[in-house]
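Next up: a single chain in C-alpha cells, the form predicted alone.
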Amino acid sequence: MIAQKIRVNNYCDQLVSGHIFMFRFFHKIQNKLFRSIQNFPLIKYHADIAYQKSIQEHTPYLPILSKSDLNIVKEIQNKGVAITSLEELGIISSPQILQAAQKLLPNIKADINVQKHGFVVHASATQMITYPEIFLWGLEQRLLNIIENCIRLPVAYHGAYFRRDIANQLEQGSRLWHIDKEDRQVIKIIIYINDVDERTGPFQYLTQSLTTEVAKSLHYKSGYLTNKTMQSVISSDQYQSCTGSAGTVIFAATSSIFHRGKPPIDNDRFAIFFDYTAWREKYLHYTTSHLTNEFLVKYFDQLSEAQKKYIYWE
C-alpha cells in the first residue's frame, strides 16, 4: 500500500509539473504574440498616447519623497541603476529579512546535475513561506513610494524570489545580456545575501545611453545576447558591475538597460530579487508567481488593505 501511495503521489507531482510547464510555455507564446501586435504602428501610436496620458493624470498623486529617496529615483532615471544598502535605507524590517535569508541560505542546495549543467537554484515556495518577512519586505511603503516615483504610475508587486547562482561559469538564461520586455517599465530590487565581488557573479549592466547605442547597433528587439556578441560592439571595460558586501541593495530599471548576472567563478552568489511593474493590465505580460499565490493563501488575513492593492493587480 505504501509503495502504491508513493507511485500515485509521484504521478500527481508529474501531472502538476507538466501542467505548470505547459502553462508557462503557452504564456510565453501568448506574451510574444501580444508584444508583436502592440508593435503594429497604429496600435503602438494609440498605446503611446494612452500611456503618456496615464502618467500625466497620475503625476499629481505621486508620493512625496525624502531627499535621500529622491536621489535614488534620480539615479535610476539617469543611469538605470542605484546602489545602496539595507543599513543606509534604514527600513525597520531590514534586520529581519537579512536574518531570515541567512537562515534559509543553507537550505538552497544544488544537486550534482545542477552544479554541472544548470546555473541557478531557487528557494521553493514552501521554504520562502517559512520566512514571510522576505516577501513582506517588498511591500514596505517606502520602497513602493520610490518605485512609484520611478515609473510614475501605480505599482504592481510581483513578489520575491531567493536564488543561488552556481559558480560554474555557464553562460545561460539570465547570465546572457538582455532587456526585460514584460512591461514598459520593470523595476527590480536585488539584495545580496553574501559578499559579491567581480568573481562572485555581480549584477552587470550598461548605462541607459549606452544601452540605446548598443540596441541600435545590434538591431536588438528582444531576447538574449551572448557576451561574445556584446563585445563585438563594445568593450567589456564599459560594463558596470554592482559589487558589494552582504546587505547591498540594487534598484535596477531592467526594462531600459542591458543587464545580466555575470557568471560566478570562485563562489556561488546568493541574492533576493523583488519584481515590480506599473499596475496596468493592458500592457502587462507578467503572471502571478506560484509563491505569491501560496503566500496569499496562508497570509491573506495578515495583509493590510494597503498591501493587498499592490498584489491584486490582475
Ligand SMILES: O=C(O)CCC(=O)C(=O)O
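For clarity, every value in this text was computed on a predicted model and none was experimentally measured. So that there is no doubt, residue numbering starts at 1 and follows the sequence shown.
Note that the form predicted together with the ligand isn't included here; everything after this is about it.
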Quick one: Tyr161, His178 and Arg269 and the ligand in the predicted bound form, is every residue within 4.5 Å by at least one heavy atom?
yes
One stretch from 83-91, 228-236, 170-178, 97-105 that, in the predicted bound form, holds residues within 4.5 Å of the ligand by heavy atom:
170-178
Under a 4.5 angstroms heavy atom criterion, identify the one residue in Arg152, Arg184, Lys188, Arg199 near the ligand in the predicted bound form.
Lys188
Any chance Phe273 has a heavy atom within 4.5 Å of the ligand in the predicted bound form?
yes
Can you tell me which bits of 246-263 touch the ligand in the predicted bound form, meaning any heavy atom within 4.5 Å?
His259, Arg260, Gly261
